[in-house]
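A single chain, nothing else alongside it, follows as structure tokens in the form predicted alone.
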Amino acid sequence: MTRTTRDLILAFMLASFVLIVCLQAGGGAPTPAPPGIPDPGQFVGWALPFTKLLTDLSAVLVIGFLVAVVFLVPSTGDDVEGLSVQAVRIASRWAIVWSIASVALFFLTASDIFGEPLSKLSWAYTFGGRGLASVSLGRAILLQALVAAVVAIAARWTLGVRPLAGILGLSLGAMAPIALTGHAASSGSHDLATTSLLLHLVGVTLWVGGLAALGWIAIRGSKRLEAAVTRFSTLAVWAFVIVGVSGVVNAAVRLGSFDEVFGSSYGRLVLAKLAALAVLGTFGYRQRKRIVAAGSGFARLAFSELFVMAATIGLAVALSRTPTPVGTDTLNTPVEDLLGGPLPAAPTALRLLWGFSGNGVGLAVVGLGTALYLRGVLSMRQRGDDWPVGRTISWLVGMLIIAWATFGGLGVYSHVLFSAHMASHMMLSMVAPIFLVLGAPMTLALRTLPGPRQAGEISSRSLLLSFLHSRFSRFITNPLVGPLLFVGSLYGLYFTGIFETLMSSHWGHGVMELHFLAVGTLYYYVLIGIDPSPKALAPIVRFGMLMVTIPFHAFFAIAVMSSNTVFAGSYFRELHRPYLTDLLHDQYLGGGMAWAMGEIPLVLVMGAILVQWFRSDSRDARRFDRAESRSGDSDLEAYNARLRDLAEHGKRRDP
């Protein structure tokens, strides 16, 4: 038995022991059901959390080994080499385990929900019309199993760094469906609960998985360990912060009040998890203070940390099976279930300006966007490079607009009033992106992301450059694609049933917010962006794009104002709001806002294009002057010489 296999077995046994202890202490351990109550049996009750533990650990190892070979371990070309090839193969094998464990988790979950032992589990409970596969949780588990199988096959036949980066992104995306549809989605503040849980899972997976992969590389005695550990140190700091903040937010949603921290079993388990996080932070601090190049020294510290991480994962699985103080039945009315909380009071100017809602998508975008940008600016300053203050201010203004439109006062009412929703839409798609693209985030990323550590390495900066010059980037930055998506999505969303479908689901709001922001950013990136682009457009072409797009936006606003059909009528009627009860009038108001707010970006963008046009002409003039100064009067002298030559030839030929 190799040391790696032995350590994995020990880590799984430690995680299992902690899982059993925490389930018993927190009240999540399976108990026999009273007579007459459906009971899946003790086997299912214990097999379910252990299968969940195996699923989580296998996902951690898959993503960790892929992170190591793509970002941490230096390479000398487009393909991975040496131990990295074996690491990719290990990731492929664990992806198979991940897929099989997910399938087992599906059947165990169906048995647990319907109270039937596995031996009596029928088609009706699994894939039938009302079975687990017909609800979001069941589909999410099956989707995870499918994606894990795709990752296993793709990693088995791929050794290129760039394709492996795509497989890594696919693996991270496989965790999203369960995070967004699990029991967190059925509790109060579901947006905040599900988003914080997803960020928590991503942070833990990158942190624990990356360290596990580096521990394996240390045992194998790779000479590239020191460079990999140095880069992992930065990743671990970001992961630690994300895990800590998202964990506190998620626990606050589940606990409900500070008294439950010490007064409930769930709260005491949360405290134990926080203590484990503090221990891991201490390990990380020691590792950052003295990065050890020697394999044995690093491996000793890394595996000590990994055992604590394994125990923490076991504790986390136990928490997911432990009853929370808040519970999942806090949404007592159909309106609260639809909104994820109570109906807000009648809007006032103060509430629209200073209100707050637990919008997880908005908080994640603003929090991560602000932190990453400011960290990039700080890196520029630390190495003595200048970064324009105006770009930083522009980016922060864009973040403030996103904050107001998602979790601020406007975001509060965007779920209950069509007019507020339309105002939020315009802010996210037409106003905030202007300031974001003028902040030049891609340029900042290219200047601060890690570059190649040796000749030929595919670094993070190289991956970003490859994406910016890829066929996909050339396609989406085509002058026709951006306006078509920008304007076409307006008609495709509001004049079809898609709008009502998205408004009626918790994740639909987040999808719309991300879509509005992404489409608007793409449009203005091509129009006024100062970041590198696959194809630079002349100012006159960009001005023409603006003039062509604005009328279609105005036609959309007029169509909304003229419509006699209430968009998402069933959704808004089900709210039974006591204010602004005339739905058509509120919709007319929303169309008027779309028309009026279309003038704001017109002025801002025209000003930006004119400034860029002037600067472009100024650069051309300076370039011409420099060329003239280098050549001096050579052109004039050549012209005069030509005239003299013609005159001489003319004299010789004159009879």
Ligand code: HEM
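What you see is a predicted model; the values in this text were computed from it and never measured. We number the residues from 1 along the sequence you see.
Beyond what is shown, the protein has a form predicted together with this ligand; the following relates to that form.
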Next item on the list: Specify the contacting stretch among 403-411, 432-440, 487-495, 269-277, defined as having any heavy atom within 4.5 Å of this ligand in the predicted bound form.
Entry: 269-277
Next item on the list: Would you please decide whether T312 lies within 4.5 angstroms of this ligand in the predicted bound form, comparing each non-hydrogen atom pair?
Entry: yes
Margin query: So in the predicted bound form, is this ligand close enough to S320 to count as touching (4.5 Å, heavy atoms)?
Written below: yes
Next item on the list: Look up in the predicted bound form whether W207 has a non-hydrogen atom within 4.5 angstroms of this ligand, and give yes or no.
Entry: yes
Checklist line | in the predicted bound form, L132 touching this ligand (heavy atom, 4.5 Å) | finding: no
Next item on the list: Could you check which residue among A148, A101, M427, A316 gets a heavy atom within 4.5 Å of this ligand in the predicted bound form?
Entry: A316
Check: Which residue, P74, G244, G355, G341, has a heavy atom that falls within 4.5 Å of this ligand in the predicted bound form?
Finding: G244
Item checked: 4.5 Å heavy atom contact with this ligand in the predicted bound form for all of S84, I217 and E457 -> no
Check: In sequence order, which positions of 56-72 have a non-hydrogen atom within 4.5 Å of this ligand in the predicted bound form?
Finding: D56
